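Next comes just one chain, in structure tokens: the form predicted on its own.
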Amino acid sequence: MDSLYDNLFAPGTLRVLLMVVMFAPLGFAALVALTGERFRAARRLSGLFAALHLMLTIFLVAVAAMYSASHTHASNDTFCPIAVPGDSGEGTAIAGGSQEHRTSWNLFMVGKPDPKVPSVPPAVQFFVGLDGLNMWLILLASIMTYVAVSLSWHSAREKAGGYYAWVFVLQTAVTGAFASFDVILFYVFFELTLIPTFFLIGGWGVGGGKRDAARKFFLYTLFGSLFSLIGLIGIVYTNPTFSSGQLSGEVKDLQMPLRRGPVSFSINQLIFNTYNWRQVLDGRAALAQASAEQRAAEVEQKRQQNAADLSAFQKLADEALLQSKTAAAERDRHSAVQGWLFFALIAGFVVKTPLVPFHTWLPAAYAEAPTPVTMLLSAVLAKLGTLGLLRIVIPLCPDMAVQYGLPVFGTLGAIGIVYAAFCAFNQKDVKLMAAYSSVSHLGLLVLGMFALNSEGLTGATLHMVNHGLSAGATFALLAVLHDRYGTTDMTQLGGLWSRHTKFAFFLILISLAAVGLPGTNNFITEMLLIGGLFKPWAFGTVGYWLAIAAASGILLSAWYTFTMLRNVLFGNLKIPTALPDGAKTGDLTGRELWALLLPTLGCVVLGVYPQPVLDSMRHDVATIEKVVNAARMRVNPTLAELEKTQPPADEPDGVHH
């Protein structure tokens, strides 16, 4: 038994299992595509594959979470992924051991290796792994794919093999993006999600405008992500790679030209580069300024003494002043470049999220897509945008995130909370209501995230999972409703409680989770996200107003959600006169019940006991905090010093870092 245990939890096993979880759906897609028009064979085979993939993912994430919660990291300098293919320095996953947290699997070289920095090859790498930010999202993607496959039995009768094949291709692209720690690899997977989504909306959509909606979704998100590509390349080439021996010398010797080492596309290395490159620039500027002030003081002293060699001292002072101006100009130029790169990087991610006013592609895409595909768009694909903000934008452009994050994008998030909530209330179609509700809740996530403190970052990380579960379950229920009656229009439905008791139970429970009822998952994250805004010494009254906007969004979500429940479930029975061909008007089937049970249990369990998930996220949130706190000290030194004088808050165990 001990040998079996050691083999199951060995690093090699976890690496292989991660590769299987990432790429097995491609094999599933190829096999399912062979079924062609035989929709019964396609859906049964797809259901089997999706269930198998979910079981493998649950095992992988359970072991990774166990390791992340129990392992003590030496520092919070970078993310520390485990199960990294090609990581020869990784010790046993549970027992401990040295961990390199890097890979040797190069995809292609972009320059000549530097023998002075041997650990950083100038290559785009196949660098994937698991950490506290992505492991739960990978599990979420597997759960929602299983739910989508289970609930597509009636919506994908034509060319069923192609439909399920594209769903599995989408799963591989999403999982690859979640697992990536190389910026180019992340971008490739990020863009690959557009292809299957385009075909799923355009080929199996439910409305007459499905092709226009697919084209708009593709072009809109591609346009935004091209700006992100520019930002990624700019970050790579404007932050040189350092070895540990370089830093002190380049700070102290003002005559030494700043050497640029080989480029690196590793997110971990880029965080290290960004942090230390700014320290070098700030250190050189501070030393040069101190030297210039000292030389100026010497000149003034000699002038008062009427020294004969005053010109020599003046020449030294002029040289020191020139060095000071040069160092300050280089630092300021770097800051200006980082500002442009920040806005370029964030463009693609706020479109993908989507954040108001970059959401205009959403109504058509969500309305025209098959409801199970809409579920994947809201529950899974939107998290690519929010993960990009957490993993890439904030750690790699921390000064700009501190300076513009909350004032610009936090404010847009607050506006989106209220605006999207009123749009949701105005909808007659429950599907569009849920779509706008998703925009409102993701606005809350972005708002809390850019508070850039422990509560906000932890709440945003967990809310990606919580929102995925509640929004995914909502759209899953709407898929059931559409299968029964061919519509989700509230004006054509009413009194369904009397006919669909199980359906009504799930809809009420998920609706309570969506509005943040205590005891459900969204309550925990809404509390953390809003709590992050209550730092009066940091945000002043602005934080209070943003918190009020966030709280109003929660109130408005209860308003339109309970209005929907009243219209759809209660009153006299009202159903469309014309039903879809082959529609079954009975209550939930066993297959549908199992599909809905998974996200519903997640909403309840994470509402009652979220601590294990919070513990697994602790190190990675602390990594982001460390980078942000250093940036906050640079942007507003007075505010940063004031933060140190504040008494520690009584925070839930696992939230304070």
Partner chain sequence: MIPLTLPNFTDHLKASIGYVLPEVTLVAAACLLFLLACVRGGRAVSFVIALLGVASAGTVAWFVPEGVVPRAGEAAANAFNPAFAPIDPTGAASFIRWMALVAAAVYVFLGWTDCKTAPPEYYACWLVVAAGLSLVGRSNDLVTLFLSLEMVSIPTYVLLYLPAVGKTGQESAMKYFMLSVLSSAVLLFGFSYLYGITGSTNLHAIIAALTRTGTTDGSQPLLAVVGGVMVLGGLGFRVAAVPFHFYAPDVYEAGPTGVVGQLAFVPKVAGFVALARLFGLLSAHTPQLGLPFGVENSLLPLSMWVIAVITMSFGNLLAIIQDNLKRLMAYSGIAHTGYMLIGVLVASATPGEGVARSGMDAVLFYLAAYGLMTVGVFAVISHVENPDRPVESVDDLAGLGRTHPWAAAAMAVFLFSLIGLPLTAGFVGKFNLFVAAFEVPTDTKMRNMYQILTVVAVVNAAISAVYYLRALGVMFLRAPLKPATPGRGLPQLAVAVVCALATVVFGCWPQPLLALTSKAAPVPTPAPIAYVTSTK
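Every value quoted in this text rests on a predicted model; they were computed, and no experiment measured them. Positions refer to the first chain, counted from 1.
The form predicted together with the partner chain exists for this protein as well; it is not shown, and the discussion that follows is about that form.
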note = Note: the partner chain not shown here; in the predicted bound form, the stretch from 527 to 535, 268 to 276, 104 to 112, 509 to 517 having heavy atoms within 4.5 Å of it is 104 to 112
ask   = Are any of the heavy atoms in K159 no more than 4.5 Å from a heavy atom of the partner chain in the predicted bound form?
value = yes
ask   = With the partner left out of view, is L219 within 4.5 angstroms of the partner chain in the predicted bound form by any non-hydrogen atom?
value = yes
inquiry  = Test of understanding: in the predicted bound form, would E191 fall inside 4.5 Å of the partner chain by heavy atoms?
reply    = yes
query = Can any non-hydrogen atom of G86 be found within 4.5 angstroms of the partner chain in the predicted bound form?
reply = no
request  = Taking 4.5 Å between heavy atoms as the contact cutoff, choose which of F199, F126, Y485, Y560 touches the partner chain in the predicted bound form.
outcome  = F199
query = Ok, Y237, F570, F505, W545: which has a heavy atom sitting within 4.5 Å of the partner chain in the predicted bound form?
reply = Y237
message = At 4.5 Å, heavy atom to heavy atom, what parts of 355 to 386 sit next to the partner chain in the predicted bound form? List them in sequence order, or say none.
response = none
